[in-house]
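Below you'll find only one chain, the form predicted on its own, shown as C-alpha cells.
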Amino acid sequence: MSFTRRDLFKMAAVGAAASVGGNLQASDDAYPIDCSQTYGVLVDTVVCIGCRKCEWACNNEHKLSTTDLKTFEDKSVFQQHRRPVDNAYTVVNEFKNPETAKPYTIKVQCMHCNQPACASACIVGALKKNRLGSVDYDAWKCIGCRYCMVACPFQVPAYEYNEALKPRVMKCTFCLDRLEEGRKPACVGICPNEALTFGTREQLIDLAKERIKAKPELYFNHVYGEKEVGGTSWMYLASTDFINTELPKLTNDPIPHTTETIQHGIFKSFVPPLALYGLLGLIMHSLRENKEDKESDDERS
C-alpha cells in the first residue's frame, strides 16, 4: 500500500485541525468582511432573453467541456431542467410566469453567499469567502468529504465523479482572476441585453430597488439575495413571485450560525483525535512499507 503526496497532505490538513483543538473554518469570527462593498451581480430575469451566451463565455473562460458558440444557440435544452455540473458552472433554464403564461429565463450558478454554508461545513478550510466577494475553493486542501454539497441551500457544488484519482468540487469561481485584474466576470461581459449588472452589493441593491420603483408593473417587489441566508453576492429581479422560480424559499438567517455549534461539538471532541491518530498510523505504515521494500531490494542484490 502506498500514498500519494496529495493524500498525505490532505491527511496532514485534518491532523493540523486536530492539533489546534478543532479550530475549523466555522467560527464566530469567520466572516469579518463588509459585504456591502464586495462585488456582486444583479440578474434581471425580466430583460434576460435566454441567449445562453453567458454559458458559452463561462465555458470558454474556464476551458470547460464545450466551447463551440453554435452549440449554445440550441434552445431545445430548455425542454428539461438543468443544474450546474462539474463541467458547466452556470446554466440557463426557462419557466413560464403562471400569472401571464409568458416564458422567462433565469441563469443559475454559485450564489457566493455572504456567510457561505459550504465554507462553514468544510472541515479543512478548502472553501472561504474572499474579500472581493467570491467564495473560493482550494482543491489542494479538499479531502473529498462533500459536506459542502450537502450544506449548500442552492444545491450548486458539483463533484468530479469521473475523476477517480483526483476528484474536485467544481462550481462558479466568480472569475476571481478577472476580478483581481479589475475586470467583470466573463458572463457579465458578454451579456447582450444587460441582464447581468456588475458592481458592489450596495450599488446593486440600490439599482434593483430603483428598477422596481420605476416599473412596478414589470417587477415583483423583492430583491432575491439581498437578505436570504444573510445575503448573497448574486441577486435577482423577477416578474413573478420567486416561489415560481427555481430559487428556493429561504429565511434571512445565515445557515452557518445554526449549524456551527453542532459541527464544533462533533469535531472538537471526536473526529480530530481520530484523524490525528489515523494520520500518524498511515505515515508509519507507509514508512515501514518503504523500509521493507528497500530491504528486499538489498537481499536481491
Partner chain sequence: MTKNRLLILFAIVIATGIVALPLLAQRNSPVAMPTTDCTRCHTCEVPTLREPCLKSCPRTEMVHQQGNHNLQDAPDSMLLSQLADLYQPVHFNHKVHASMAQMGTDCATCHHYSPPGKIPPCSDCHSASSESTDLKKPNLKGAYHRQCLSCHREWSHDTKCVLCHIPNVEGLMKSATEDPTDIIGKTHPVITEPVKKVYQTPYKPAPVVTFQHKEHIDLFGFRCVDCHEKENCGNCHDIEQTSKIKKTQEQVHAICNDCHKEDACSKCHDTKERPGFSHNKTGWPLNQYHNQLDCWACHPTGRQISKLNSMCISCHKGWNQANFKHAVTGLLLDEVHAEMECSDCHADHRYEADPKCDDCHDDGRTAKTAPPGMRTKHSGR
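Quick caveat: nothing in here was measured; it's all calculated off a predicted structure. Numbering follows the first chain given and starts at 1.
The protein also exists as the form predicted in complex with the partner chain; that form is not presented, and the subsequent description refers to it.
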{"query": "The partner chain contact in the predicted bound form: T197, any heavy atom under 4.5 Å", "finding": "yes"}
{"query": "Contact label in the predicted bound form: K96 to the partner chain, heavy atom within 4.5 Å", "finding": "yes"}
{"query": "is_contact(C48, the partner chain) in the predicted bound form, heavy atom dist at most 4.5 Å", "finding": "yes"}
{"query": "Contact label in the predicted bound form: N193 to the partner chain, heavy atom within 4.5 Å", "finding": "yes"}
{"query": "Complete contact of I212, P216 and M235 with the partner chain in the predicted bound form (any heavy atom, 4.5 Å)", "finding": "no"}
{"query": "Those residues of 99 to 131 which, in the predicted bound form, come within 4.5 Å of the partner chain by heavy atom", "finding": "E99, T100, A101, K102, P103, Y104, T105"}
